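Only one chain is given next, in structure tokens, and it is the form predicted alone.
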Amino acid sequence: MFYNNFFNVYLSDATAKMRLIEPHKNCKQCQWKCDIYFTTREMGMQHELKPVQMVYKKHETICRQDAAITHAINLVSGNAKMFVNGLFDKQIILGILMPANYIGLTAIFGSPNYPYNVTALTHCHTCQVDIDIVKKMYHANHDFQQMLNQSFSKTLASIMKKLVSLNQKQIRAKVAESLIYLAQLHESDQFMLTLSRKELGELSAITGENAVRVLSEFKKEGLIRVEGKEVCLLQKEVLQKISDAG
């Protein structure tokens, strides 16, 4: 299935030489077959894919805001943050990318440059396909087109909802919403926090100091358990009420 995030990766020659794993890997033999592969096979275009597998270390930039889009990327493993640059070098994290998220498909909808930055939060393994091939599939295959349109619509709705939340909610509600969001991404109320406390603040549109303070409050109130990088939501229903109350 297609997931809700569409971002981008820019590959300079120097970057590609440094992180290239397997150029033009045979998709038929790959264990991570994606929707792009299945659609090209249906259309008899699989020979045009010529995917390139690339890896990024923690904190390395996967895409840079305003640079040109060249590839559609499938995030095979690891996770990354998608963020925008604000005033005074401040950042706002709009979402976390998990395995099976596609990166770089905004070009299909008329945006030739990256609207966001994407940086690896952990070691990330990606599979990359020339964006022109994906554009060709989009215009020639109705089912593929519908799938992307629906996913893009969900992504837009999600971002609009987050913007309203960041603008109108109080600090505790913002942190509660972020914790619930992370639990949903990991499909578990107990998960490893790959974000730093500062990044949790950026995800919640507050300072890192306020994020630490609210986490401490939630811990004292018995709403969460924090042990190192591991977070467990002990009273998710209460956190949801805090988030809903704004």
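Quick note: we count residues from 1 along the sequence shown, nothing fancier. From a predicted model like this one, the values you see are computed outputs, not experimental measurements.
Same protein, other form: the form predicted together with the DNA, not shown, and the subject of what follows.
Looking at residue 206, you'd find a heavy atom of it within 4.5 angstroms of the DNA in the predicted complex.
Using a 4.5 angstroms limit between non-hydrogen atoms, residue 210 touches the DNA in the predicted complex. The DNA is not shown here, but in the predicted complex it comes within 4.5 Å of a heavy atom of residue 170.
In the predicted complex, the DNA sits within 4.5 Å of a heavy atom belonging to residue 58. Note that among 33-41, 64-72, 177-185, 190-198, the stretch whose heavy atoms approach the DNA to within 4.5 Å in the predicted complex is 190-198. Along 224-245, one residue reaches a heavy atom to within 4.5 Å of the DNA in the predicted complex: 229.
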